[in-house]
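To begin, one chain is listed below as structure tokens, in the form predicted on its own.
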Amino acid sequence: MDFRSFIQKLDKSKELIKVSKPVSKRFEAAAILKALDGKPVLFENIKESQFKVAGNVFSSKHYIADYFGCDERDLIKIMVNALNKPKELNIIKKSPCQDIIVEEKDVDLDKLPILRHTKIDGGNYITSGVFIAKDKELGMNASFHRCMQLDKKTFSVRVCERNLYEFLQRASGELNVAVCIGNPASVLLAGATSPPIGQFEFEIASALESFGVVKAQFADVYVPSSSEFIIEGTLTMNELANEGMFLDLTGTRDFVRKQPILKVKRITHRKNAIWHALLPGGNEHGLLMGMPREPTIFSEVSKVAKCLNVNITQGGCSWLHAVVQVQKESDEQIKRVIEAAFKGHSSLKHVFVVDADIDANNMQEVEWAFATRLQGDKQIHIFPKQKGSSLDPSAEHPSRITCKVGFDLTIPMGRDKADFTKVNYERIELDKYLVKKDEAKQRRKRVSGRKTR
């Protein structure tokens, strides 16, 4: 399935909210997306652009599971399998992402519906763009990077010191890249993973679902054939510009930095292309960043215990908190589980380990376990002066030094489990006892009829 096909599916199931009135890409569209966070939205009339804009498309695990045609509980299994068993690319020659070609002389970024999200923003931002770059020896890499528009042909790009940064250094500071917007869910999830350098993320995406890739027109890379937009150009760290401020995943502001410049050389897009607006700090942003960390935690924890589930929580900014569900064998085992979770996601700040009877995706159950099964002097494990996340405003900066904490919310061994288990009420068929609305209406009519007689 591709991006627009899923939007059509949401429309058919009446889960898509359509906004037909004219909306500005400056603050207004983002404010509507925020007010409707968790509900897919399609803007049919953007004042400054001919293109439609879709947002909140994958703003809950329900929608992601619906996309893949599976149960929410199976998502982590699917992701683990894709990471462990990547598949070769399906290379095709012609694709809809190159239906329309805009040459360098005609490039005008102002014509695209690149949103301005909040008043602190340094400019209009591409937030859903998956960058594809190539190293002569290491192959291709796919990764998310936000792009702040500088003028009609140029962006400043936030490049963290990971694979793309290393690719740039190995290429003397300059690379031709493609930025893909309006991608299949498989590409979005795979683009947020962190496999070893040299493992192309599209091979992980191919294990999630079958899709075609096509050679980009300017950059020597492969791009998804069904992407709505492909922006191609030269990314250089030999020329820097201010990037930021920006509202980041935690809902707090990220500061201004000098970052590499992307000089746009060509844009291709589908006919009637739909722009994907990824709301900064919104549910969709969090899920697409956090979900790909669940299988890496799952894999590391599975080395020391029987791991049943992992949930990167939305309340923990979809990045800093994880709930890990295990089949416990000993009290001592839980500290190893906590250490493995931190290894599986190095930005993780707090981890909560629960028993098999606690739903890792239900935070009310997790908090109940916190209240009824934790003794702080015995079951809290503190790891001071650890390298944490740059997204955590409470960490030391720029070192990212933080204190990590693991909470053992499992039932202590040797205790009677019945003392820590909720007592269940009897099961009943509620419909037998409650009057339905139609029946109540008919009853009122009968009573009213008797009174008039």
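Nothing here was measured: the structure is a model prediction, and the numbers come from that model. From 1 onward, residues are counted along the sequence shown.
Same protein, other form: the form predicted together with a small molecule, not shown, and the subject of what follows.
**Q** Of these, V214, A192, I358, C317, which has a heavy atom no more than 4.5 Å from the small molecule in the predicted bound form?
**A** Partner contact (heavy atom, 4.5 Å) among the options: A192.
**Q** Find the only residue in N141, Q325, S227, S186 having a heavy atom within 4.5 Å of the small molecule in the predicted bound form.
**A** If I apply the 4.5 Å criterion carefully, the residue I get is N141.
**Q** Can H285 be called a contact residue for the small molecule in the predicted bound form at 4.5 Å between heavy atoms?
**A** It does: once the small molecule is placed as it appears in the predicted bound form, H285 has a heavy atom within 4.5 Å of it.
**Q** Does L278 make contact with the small molecule in the predicted bound form, using a 4.5 Å heavy atom cut-off?
**A** The answer is yes: L278 has a heavy atom within 4.5 Å of the small molecule.
**Q** C160: heavy atom within 4.5 Å of the small molecule in the predicted bound form?
**A** It does: once the small molecule is placed as it appears in the predicted bound form, C160 has a heavy atom within 4.5 Å of it.
**Q** Does at least one non-hydrogen atom of M289 fall within 4.5 angstroms of the small molecule in the predicted bound form?
**A** Close contact exists here: in the predicted bound form, M289 approaches the small molecule to within 4.5 Å, heavy atoms only.
**Q** Can all three of R73, L308 and H321 be found with a heavy atom no more than 4.5 Å from the small molecule in the predicted bound form?
**A** Not one of the three qualifies.
**Q** For the interface check, one of 169-177, 114-122, 308-316, 193-201 should have non-hydrogen atoms within 4.5 Å of the small molecule in the predicted bound form; which one?
**A** The contacting stretch here is 193-201.
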